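For reference, the chain that follows is the form predicted alone, supplied as structure tokens.
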């Protein structure tokens, strides 16, 4: 049975007449890495602030760790948050930044800070001040700050934005390590889609404040995988023909489209068989979408960028 660490129901945030987040109903499974995808200004940050207790909702419901209504505020301390730039003291070391936050939270465990520093891959920085860190190092330290208090849910808003390739790899490996070794559920927002695809298990796609699709990594792979796309008027009759050809890995997408995921090299033969059985085909061909194209098609294309 699936266990959800976060559920929202018609969550909405309005600023005067504008809806920054519009009736978003979203579900995050325990133990998942949830990729929250959207263009800049789509409503990602506002949504993340609401579920983290940093912004008031206008309407709708939030359920966290099984708690609803007024009880939600009692479990916000189980969330680690890195939204926008991490709040760091530039003239202090990584150790001192982390220690200061731990003291503020009443945590004085021996070796606690050292363990976090090692966990986020900053064990080599020594006494270097934060002002001399690279952007990637600052982001990893920001994640370390969010880990103080041992959260069950980690919320990361655009943590790889602006990083160089090595910085992206370092942050990605840190996130995967936290999920794998500490079993922390992670929500990570980004508009860098191909990079997200390397680590997330679930996707939520938001556009102009509305959630337009929620799906698993496997479901997205199926939608973006190489296939024969057939546009036609009689999909039920076509399915009978495919079954007779011992083609079973196909999907009726809608009343006008079938996707076939096997024997891609036989597209001409399949087309001939349809023709012999008097099935009118509007178009047939092999196609494959990448994540970027799928996202653009789902959110209205380049004109909405």
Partner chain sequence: MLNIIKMDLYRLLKSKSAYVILMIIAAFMLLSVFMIENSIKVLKLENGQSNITGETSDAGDNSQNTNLGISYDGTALMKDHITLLDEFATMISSAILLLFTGIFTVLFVCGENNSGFIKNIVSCTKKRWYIILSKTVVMSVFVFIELIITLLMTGIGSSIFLDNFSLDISWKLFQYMGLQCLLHLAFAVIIIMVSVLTRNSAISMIISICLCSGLGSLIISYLSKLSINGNNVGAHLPDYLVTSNVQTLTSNPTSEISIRVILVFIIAMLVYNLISSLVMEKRDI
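Computed from a predicted structure; not experimentally measured. Residue numbers count along the first chain shown, from 1.
The same protein has a further form, the form predicted in complex with the partner chain, not shown here; the description that follows concerns it.
- The listed set 163, 81, 196, 117 contains one residue whose heavy atoms approach the partner chain in the model of the complex to within 4.5 Å, identified as 81.
- Of the residues given (222, 214, 96, 173), 96 alone sits with a heavy atom within 4.5 Å of the partner chain in the model of the complex.
- Contact annotation for residue 236: none of its heavy atoms lies within 4.5 Å of the partner chain in the model of the complex.
- Proximity of residue 145 to the partner chain in the model of the complex falls within the 4.5 Å heavy atom cutoff.
- Mapping the unseen interface onto this chain, residue 106 counts among the residues with a heavy atom inside 4.5 Å of the partner chain in the model of the complex.
- In the model of the complex, the partner chain lies farther than 4.5 Å from every heavy atom of residue 31.
- Only one segment in the set 22-30, 273-281, 44-52, 242-250 has residues whose heavy atoms sit within 4.5 Å of the partner chain in the model of the complex; it is 44-52.
- Along 83-99, a non-hydrogen atom within 4.5 Å of the partner chain in the model of the complex is carried by 83, 84, 85, 86, 87, 88, 89, 90, 92, 96, 97, 99, in order along the sequence.
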